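Form predicted alone, single chain, as structure tokens, below.
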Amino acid sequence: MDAPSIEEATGLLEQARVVAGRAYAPYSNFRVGAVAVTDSGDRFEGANVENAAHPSALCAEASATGAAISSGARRISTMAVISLDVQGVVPCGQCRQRMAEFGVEWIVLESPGGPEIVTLQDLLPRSFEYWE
């Protein structure tokens, strides 16, 4: 699949920004929103959800992935990620590996000059793969 255009990336970040406003982050005040786009173009939103038992928190990317998979999708082509509190946020290592599992090729990030479109390979050059 081709990389999203700058216009598409801008729209995805705007959508993710709205979703980030719905994050539940009373402990860290670090609100993140994500939008997962499947190969068919369907979009699924996710916000981070914290918990008093801190290891139980759910990243926005994991939330968006879960929404896509729960709807029956098995491949996600693009993931847009934005924080309302830190410009240029990138997915954590666990989410990067989760994205590799479902075939994410493109990551859309916020940068000072506008949307930044990178490959998952750029962020996770040697992902873990399952071999049967």
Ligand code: THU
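The first residue of the shown sequence is 1; numbering continues from there. Not measured: the values here are computed from a predicted model.
One more form of this protein, predicted in complex with the ligand, exists but is not displayed; see below.
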Would residue 28 count as a contact of the ligand in the predicted bound form, using a 4.5 angstroms cut-off between non-hydrogen atoms? yes
Is residue 67 a contact residue for the ligand in the predicted bound form, using a 4.5 Å heavy atom cut-off? no
Any non-hydrogen atom of residue 36 within 4.5 angstroms of the ligand in the predicted bound form: no
Taking the shortest heavy atom distance, is residue 79 within 4.5 Å of the ligand in the predicted bound form? no
Location of the ligand contact in the predicted bound form, chosen stretch of 100-108, 67-75, 37-45, 86-94 [non-hydrogen atom, 4.5 Å]: 86-94
